[in-house]
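One chain is shown next in structure tokens, namely the form predicted alone.
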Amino acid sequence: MVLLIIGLKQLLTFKGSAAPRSGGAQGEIGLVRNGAVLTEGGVVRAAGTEREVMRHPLAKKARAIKVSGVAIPAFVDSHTHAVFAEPRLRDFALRTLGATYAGIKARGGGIISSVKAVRRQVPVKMVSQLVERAGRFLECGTGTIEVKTGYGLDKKSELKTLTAVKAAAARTELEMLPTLLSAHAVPPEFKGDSKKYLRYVLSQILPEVVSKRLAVFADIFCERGYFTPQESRFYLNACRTAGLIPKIHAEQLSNYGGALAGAGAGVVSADHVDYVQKKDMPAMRRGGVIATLLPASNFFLGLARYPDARAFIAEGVPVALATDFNPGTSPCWNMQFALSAACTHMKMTPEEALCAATINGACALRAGNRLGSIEPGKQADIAVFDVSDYRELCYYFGANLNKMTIKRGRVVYNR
């Protein structure tokens, strides 16, 4: 099918290198006024001013859609925990009374409470929940998400989760890239023995995940009380040798060494990084590590501290934004909120935030060669918002401004 989108007040292309944008380049958005996009076979064929695009030979036979607003590449959400059985409402109530992350864990809440729920959940329910959640992402302008395991923490439940992601992906237009996060926490049956548990994951879970091609990435939660930097580096190196692309949860609660461990293990991204110090940033830059910031999580936890986005950008470390959608610390699937929080709480410019949620998010999933920008040859993933100026996407919050989502050249959401 040939599709022609016209009538756009503004078009943000983010055209250029398929590599992650850093420093001043993170603010280059490729703005086109009175824009249009031409797609064929799920791929962008032309993008620019309406006058330019209308001269393309394919334009004459295209199905034209006139839609006023601002078009950007569909969001690429590179960090979610979208498979879970139920919201952690008890944790939420405790937090309103002043309980801390560690305090909630000590009372049986947190990750382990989600583990118990996922272990008893039947697969068909898991799939149907994920399909429903996928629709919410599409409604808000997201075309691709990463989906982590980590609420199973045994072979049966982790494989059940990855199989559910595969089944749900066949029933939705949302693109979902799976991550093995078995190293999310040490399950109760291992009685705090993190080394023994990691050996179990590497010997019992990882080989089957790889042989069945159920995951693209491997992740670990490097933090006190979870997994050490040494354990994280060893584990991620083993996963990379097995064929998975490493990622790391790092420095969320303290400066513990996770970012440096991740850089040493060749991770594509270090996520959260609230407590990364400037001395750690050169190693991240040299290692090609993307700092994936998750401000919706900080907001929901009521934290005063947010990642130092300005320092990352000044040091030349590429910044991505993601929702961290999960049942305990970020029940948010709308990237538009992450944009607003990035600007108000981390002092990113609207241009930097939008780059972080599109092309840099794609690069954090090693997909910058096909996602995250609107230019010839790229996958035709586009979101059109009911605004007149792209900065409104970061200015307004609390509502969904998206009016149309296009995935692989097909309209999959139309308000």
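Note that residue numbering begins at 1 and tracks the sequence as displayed. Quantities reported herein were computed from a predicted structural model and do not represent experimental measurements.
Just so you know, the form predicted together with N-(iminomethyl)-L-glutamic acid exists too; it's not on screen, but the next bit is about it.
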Touches N-(iminomethyl)-L-glutamic acid in the predicted bound form: Gly328 (any heavy atom, 4.5 Å): yes
Partner contact for Ile111 in the predicted bound form: N-(iminomethyl)-L-glutamic acid, 4.5 angstroms, heavy atom: yes
Touches N-(iminomethyl)-L-glutamic acid in the predicted bound form: Trp333 (any heavy atom, 4.5 Å): no
Using a 4.5 Å heavy atom cut-off, state whether Gln121 contacts N-(iminomethyl)-L-glutamic acid in the predicted bound form. no
Tell me, which of Glu251, Glu146, Glu158, Asp324 has a heavy atom within 4.5 angstroms of N-(iminomethyl)-L-glutamic acid in the predicted bound form? Asp324
Quick check on this chain: which one of Tyr235, Phe312, Phe137, Tyr151 has a heavy atom within 4.5 Å of N-(iminomethyl)-L-glutamic acid in the predicted bound form? Tyr151
Region of this chain that lies against N-(iminomethyl)-L-glutamic acid in the predicted bound form, out of 338-346, 239-247, 169-177, 74-82 [heavy atom, 4.5 Å]: 74-82
Quick one: which residues from 86-123 get a non-hydrogen atom within 4.5 Å of N-(iminomethyl)-L-glutamic acid in the predicted bound form? Arg88, Tyr101, Ile111
